[in-house]
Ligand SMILES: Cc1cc2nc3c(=O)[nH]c(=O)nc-3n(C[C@H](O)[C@H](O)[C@H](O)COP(=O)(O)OP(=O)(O)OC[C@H]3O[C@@H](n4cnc5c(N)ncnc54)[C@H](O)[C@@H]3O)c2cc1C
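Starting off, we have a lone chain in the form predicted alone, written out as structure tokens.
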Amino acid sequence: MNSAGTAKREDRRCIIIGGGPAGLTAALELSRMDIPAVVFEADAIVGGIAQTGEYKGYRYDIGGHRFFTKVDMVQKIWEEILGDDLVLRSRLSRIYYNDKFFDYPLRPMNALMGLGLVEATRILLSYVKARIFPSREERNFEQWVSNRFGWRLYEIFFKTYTEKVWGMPCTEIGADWAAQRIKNMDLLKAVKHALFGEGARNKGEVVTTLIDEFHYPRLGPGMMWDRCREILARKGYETIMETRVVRLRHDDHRILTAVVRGPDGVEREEAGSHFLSSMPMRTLLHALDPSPPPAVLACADKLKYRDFITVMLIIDDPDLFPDNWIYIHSPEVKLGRIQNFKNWSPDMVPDPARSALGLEYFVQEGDGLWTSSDADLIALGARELAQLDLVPREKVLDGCVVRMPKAYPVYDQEYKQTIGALRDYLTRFPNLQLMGRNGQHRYNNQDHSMVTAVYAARNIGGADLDVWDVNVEEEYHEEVRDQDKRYGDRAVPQPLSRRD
């Protein structure tokens, strides 16, 4: 390449904020167009919430990540990078309640038989009552679900887990979220599935919640992003770890430089022609220098998040239960979900005589659980496993804790107005694009984050793609069919107190 060509290439240097699925996918796409870029990641591990942690040789996933997508482009990227290390796994997930396991998704016959004759009778009578005398008002989650399944089934299989995840009573969650999240989960379909064994496919349609198999990296989802980082490094695209973007200097029309702070605390400026951000949108707005008007910052501060803790425990038992993950509906414990990493991939556990579990707690940053010591959280996990009669306390050998802030963007009644106002303000910076879950404050999947990154990168290469149009569908695709190629937002509940 001649000197003029080299200068032109370097003039398009891209600064990528965040080394998660969005940031690394963007860098990969830019590398294919020979557009220079550098990735800055604040953590010591790439992958964001899709990272894989490691403790004494035991690997653990932050939340459990099935590699299942309807987007051919994303599937090809996974296969291209992982090859034979993208393994096919059998799926089993169940609900644990009252010392018993129940199929998930719910199958009426399994649920009724598991609960016993007396409880089954109560459920059936409650269901009949709801059908004959439904609540005339369906303003909240509780009313919506009870009208369709009866109060008793709602109380057992919906109420406790929903309140654990979102940290609010079901009576304060809008009915519209229930309609989006559970709308296709009807008793007739469940009975049909249970009695006739139709599996995941019906007349060419694939139902995502009923799939029996999914792909998974042999050493966890972080394997995908570690390998992606290695591929980028071989191409000359650097991922600089433990380096946080603290300010974005601008002239009110374009972003000029990123001020980054490394592990030594020293700040330096990085110039770029384009900036791709997957950092939390609220943080981004506060990082702009000069600062946006107070009204814009106040708008950014309305964005809220639900945070997440994983307690990884090493268990002295080779075979605990067959599930990949279990939903804990028992109200007497704080535990929300359990990942059995050995059943995701045996290579996650170095000792075949032992198992490793990920205990998931849904929290708010700064609350009692979040600020508890690691030792106390490990003790809590061991105690609750014993309380649920899943694992005796003496079999818990060791463990570690990971706190993941801003894991779940929260939508409230002001969400669309807030995001709209922030997007309007950010349009003044044509060389800044937002991508990924936290970058766009959207509760989407890993594959959707990757699509936003590909779109953003292609725009730098000369395309005219709407990064915000990736997730235009407001429904949560609890059931996604082959012929439906739209990208859907995963709905999150809206508190009634913020909607009225």
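Each residue number is its position in the shown sequence, starting from 1. Quick caveat, the model's predicted, so the values are computed rather than measured.
Just so it is clear, the following notes concern the form predicted in complex with the ligand, a form of the same protein that is not shown.
Although the partner is absent here, Thr243 is a contact residue: one of its heavy atoms lies within 4.5 angstroms of the ligand in the model of the complex. Contact annotation for Arg59: none of its heavy atoms lies within 4.5 Å of the ligand in the model of the complex.
By the criterion of a heavy atom within 4.5 Å, Arg437 is counted among the residues contacting the ligand in the model of the complex. With a 4.5 Å cutoff on heavy atoms, Asn445 counts as touching the ligand in the model of the complex. Among the residues Pro280, Gly174, Gly220, Gly399, the one placing a heavy atom within 4.5 Å of the ligand in the model of the complex is Pro280. Exactly one listed residue, out of Ala42, Ile35, Val38, Leu465, brings a non-hydrogen atom to within 4.5 Å of the ligand in the model of the complex: Ala42. If you take 18-45 and check each residue for a heavy atom within 4.5 Å of the ligand in the model of the complex, you get Gly18, Gly19, Gly20, Pro21, Ala22, Gly23, Phe40, Glu41, Ala42, Asp43, in sequence order.
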